[in-house]
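One chain comes next, on its own, written out as structure tokens in the form predicted alone.
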């Protein structure tokens, strides 16, 4: 699959789920289904809040420890924005199916598809948020995520947004950050070697992509902002996706 320069999304793609979404960006395609709040099993019951269950299914093969690790990260982050205390003894289930991943010319394609890497986390997170919005699950805020890599080539440092598998392979460090619609840092996961100054640069780059949304009616300024950020305007993308869905649902003759 060719990596898309701009994210694409569709809501309500699964008719039998309470909410669903399909999201494609940076070569990854993920479909999510959300059901809940529903009655929780006895082992998952919490008398004070709802239990958020996240399931990640790889594009090929069966899930392993890597998927379990991603599930724990996503569960913790999503529980912070879902109003779980409004639904005690309930379950909110989020199933994420990876449908496609970018090919790496230097690595066996089956291995890339069978093993989820660090860069897929923003796609999983964004798909889950879109599916929660589609299901109408009450949340205290929306959230957006992005991946940033610090790459050194010929002694020159570059900050790469939405890195490819090859760029991740040669990167000195890779970071995934998510911000709420209140500009609060929600998720920060890093791997590799980096110094505080490099992390601060990554933080500012990710925050600009996730939080600084240009007005929809200011086309020239929006284009300049996107060029400066060297990445998509995720907040504007999320808002425009929901506006299109609401407009389609309310359309009638």
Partner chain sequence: MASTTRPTLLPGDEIPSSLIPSHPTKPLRLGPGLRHLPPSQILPTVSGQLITLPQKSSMWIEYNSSRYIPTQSDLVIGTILRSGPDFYYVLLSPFTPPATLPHLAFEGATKKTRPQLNPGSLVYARVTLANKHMDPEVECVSATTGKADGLGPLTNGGMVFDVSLGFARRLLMAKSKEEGKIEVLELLGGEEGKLSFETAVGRNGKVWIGSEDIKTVVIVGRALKETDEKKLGVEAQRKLVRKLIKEMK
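Predicted model only: the values in this text are computed from it and were never measured. Residue numbers count along the first chain shown, from 1.
Form predicted together with the partner chain: not shown, discussed below.
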I'd like to know whether residue 233 contacts the partner chain in the model of the complex, with contact meaning heavy atoms within 4.5 angstroms.
no
Just to confirm, residue 38 within 4.5 Å of the partner chain in the model of the complex by heavy atoms?
yes
In the model of the complex, residue 89 touching the partner chain (heavy atom, 4.5 Å):
yes
Does residue 166 reach the partner chain in the model of the complex if we count a contact as any heavy atom within 4.5 Å?
no
At 4.5 angstroms, heavy atoms only, are 142, 242 and 245 all close to the partner chain in the model of the complex?
yes
Counting only heavy atoms and a 4.5 Å cutoff, which of 95-103, 154-162, 120-128, 175-183 contacts the partner chain in the model of the complex?
175-183
